[in-house]
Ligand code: ATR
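Below you will find one chain, with nothing else, as C-alpha cells; this is the form predicted alone, and questions on how it binds or moves follow later.
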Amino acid sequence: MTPSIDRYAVFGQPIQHSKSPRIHQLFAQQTGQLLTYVAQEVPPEQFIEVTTTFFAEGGKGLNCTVPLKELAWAYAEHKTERAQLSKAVNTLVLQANGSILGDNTDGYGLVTDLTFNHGVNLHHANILILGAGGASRGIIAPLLAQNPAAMLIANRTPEKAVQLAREFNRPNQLSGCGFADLAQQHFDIIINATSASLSGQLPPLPANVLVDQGICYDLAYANQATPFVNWGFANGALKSLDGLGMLVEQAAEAFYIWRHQRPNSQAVIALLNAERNLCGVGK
C-alpha cells in the first residue's frame, strides 16, 4: 500500500522568489519525512477562501508570508503564546481535532540566527527596528526576551510605531517614532523589517545612526546583497546580514511543529549560501 504524502505550502504575494520549498525539501530528506511543500501566490482578498480550501482538501500545514501574517493571525482558531503576543502568524497547523492552530516562528528564527549562527550579543544592546507591520510584530517579543538595553521602532507613520510599542507594555524598554526622529540617535543593531528591499528600496536612514562596528540585519533576502545590506557595509557595520539564516531557522521551527523532527538548519544555511555564492552577503 502506497503511503499518503502530507501536503504543506507557503502563501504570500509576491512568492516567486521563495526558497521555502527548497528548504523544506532538504529538511524532509534529512529526517526521512514524506511530504510535499509548494509556494503559491495568494493575494490578501483571496486568503480566507484559498486557505480554507487548502485544509479542506487535506493540507496539513501552511506558512504565511508578506502580506498575509496578520490575516493568518485572525484566521487561526487557536494561537500559541508567541502568536498572541505578536498578533501575526506565519505558521498554521491542522490539529487532530480539525481545528487550526496559529504560531509565529519568525522571532525564534531571527534570534537563533543572530545569536547562535553569528555570535551577536543582544543583551544590553540598543536595537532599532525599521517598520511597524506584521514582520516587526513577530520579532519584538523574542528580542525583548534577550533583555536589550532599549528597542525603538521607527516607521513612516510615527503613530503606527508608537501604537505597536504600546501593545507590548514595556515603556522603559520599547518605544516608537518616525524616521525623521532618528537624527542624532545611535544604535548597536539595526533590523530592517520593512518591505523596502523587495522593491530594491532603502528606508530613509540618517547618517551615523549605526555605531561604528555595529550590526545590520535585513529580514529580506535575495540572490544578491539587498540595498540595506549594502547600506550596512557602507556605514561601517561589523556584520551586515540578510534574512536567509532567519528564513531557514524559522522554517526549522515550523517543520518541528508540523513533523516533530528537528532538522539540521546549519547544514541547509551553508548549502543555500553556497548555491547563491554571494560575495558580501551573510558575512
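Here the structure is a predicted model, which means the values were calculated and not measured. All residue numbers refer to positions in the sequence shown, first residue = 1.
Although it is not shown, the form predicted together with the ligand is what the next lines describe.
Leu110, Ala135, Leu92, Ile140: which sits within 4.5 Å of the ligand in the predicted complex by any heavy atom?
-> When the ligand is considered in the predicted complex, the option within 4.5 Å is Ala135.
Segment that reaches the ligand in the predicted complex - one of 195-203, 165-173, 72-80, 118-126, heavy atoms within 4.5 Å | It is the stretch 195-203.
Non-hydrogen atom contact Ser99 with the ligand in the predicted complex at 4.5 angstroms | No.
Answer for Pro148 alone: is it within 4.5 Å of the ligand in the predicted complex, judged on heavy atom distances?
-> Although the ligand is absent here, Pro148 would stay clear of it in the predicted complex, with no heavy atoms inside 4.5 Å.
Residue contact check: Lys87 to the ligand in the predicted complex, 4.5 Å heavy atom | Answer no; every heavy atom of Lys87 is more than 4.5 Å from the ligand in the predicted complex.
Contact flag, Thr157 vs the ligand in the predicted complex, heavy atom cut 4.5 Å | Heavy-atom contact with the ligand at 4.5 Å: present for Thr157.
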